[in-house]
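The chain below stands alone and is given as structure tokens, in the form predicted alone.
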């Protein structure tokens, strides 16, 4: 079948992009590998899953009616409520009629003669369209650990990103979990209350800070509804579209007592203030970061009773805020429970997974249930898992082995008419806020192409090179650019993913938005049209 545009993914990106293309009167097909809408919130159903930006700053902003109808039950929404919200949006705007579910896209090939893309699903279904829009999400390619014997385990075992849709009873079970990243932290603090025993295999410790979540009262609900214009304007005017902005003071110029009081305040407040609202130099100055890290390390030592366990939970290979900081609710106190054991696999490595559980260099463990909280092949991983062939048959996976080459992260060099929402080298932060801005920008460019009669667009090589230099330049000053994480494309479970790469634009949404506006207002001269 032929369409005006094909969208891959029915998460937040795909849903909003479909809504905007409908406004242009376009015939659209959306392919989604899941059985319904939701993206991240469809797949990640593990116990304790929730987002860590304020609920009322997270939802769609395009419909005033939607904003006034919906009630977020908590300041930081749990996965079931977020998925319920996205289903409500899909119902309200009748988005599903253009969507094909259980349709995993395996290939997308561009035809130079017809200036069109042919998309193929796992079942063999094909569709063609001149425009291809990828709404894959930066964290959709989950990875399992490369441990011998992984398929030998005879009990139930799930990755957090592929948790069963039906309830899982862990009460009084012996549970083993590998990984203490964001998903691991949320799952651990939730299931520790009900399992018989919980053995946590920590690959590398992660910094974390309190979420301080609470229910939204009816009075707060009315205030939120009346304040949406100010809330979204606040998000537009912060460095990463959260409600928090860096403090303009410098760490070392602030008296120690004042620093300590400031950090105590941030640590006791809800949300990302301790990370995004910290001193402005925490992310670029090693000494400033060391002092902030010492403060958070002190908090961990206060919360974990066993000093040896506390030290194992404090990262030594990176400073606070150098990776995306997970927000937690009683995570560190879990390690004070008698039914919880921490295994540091840097001391006693996992040798293999057995029929009954896990064998380390020290001993054998038997489990009734195993959880893999082993993360994602971030940003480029979802693209690598699709056979994407551009002009002349070139392979996107091969082209991106080094550094992705894009313009504004919305189009890749050599891949005409393929737009990306949250592709590599876009600015990221509060994801829905970033998505809406990028989708609006893409939609405006598509509208421009249709009005001018263009059937093909691709970024000019010189513009791609210029953007690549800008991306590298702003990244170099950040301490985080040298740290391995999903944000820099490092994943020990994926061959060749052992060195940091620059995968995002780290100059803030102001500069990113400004550059995008310059390109649009200048008539998109950085793109070649036909």
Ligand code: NAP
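Positions refer to the first chain, counted from 1. Please read all numbers here as calculations on a predicted model, not as lab measurements.
What follows is about the form predicted in complex with the named molecule, which we do not show.
- Heavy atoms within 4.5 Å of the named molecule in the predicted bound form map, among the stretches 357 to 365, 198 to 206, 306 to 314, 415 to 423, onto 198 to 206 alone.
- When contacts are judged by a 4.5 Å heavy atom cut-off, residue 117 does not count as touching the named molecule in the predicted bound form.
- Contact annotation: residue 181 falls within 4.5 Å of the named molecule in the predicted bound form, judged by heavy atom distances.
- In the predicted bound form, the named molecule lies within 4.5 Å of some heavy atom of residue 375.
- Among residues of the shown chain, residue 323 is one whose heavy atoms approach the named molecule to within 4.5 Å in the predicted bound form.
- Taken together, the three residues 51, 146 and 345 all come within 4.5 Å of the named molecule in the predicted bound form, as judged by their closest heavy atom.
- Interface residue among 56, 31, 467, 41, judged by heavy atoms within 4.5 Å of the named molecule in the predicted bound form: 41.
- Proximity to the named molecule in the predicted bound form, taken as a non-hydrogen atom within 4.5 angstroms, holds for one residue of 296, 139, 235, 266, which is 139.
- Along 459 to 494, residues 486, 493 each place a heavy atom within 4.5 Å of the named molecule in the predicted bound form.
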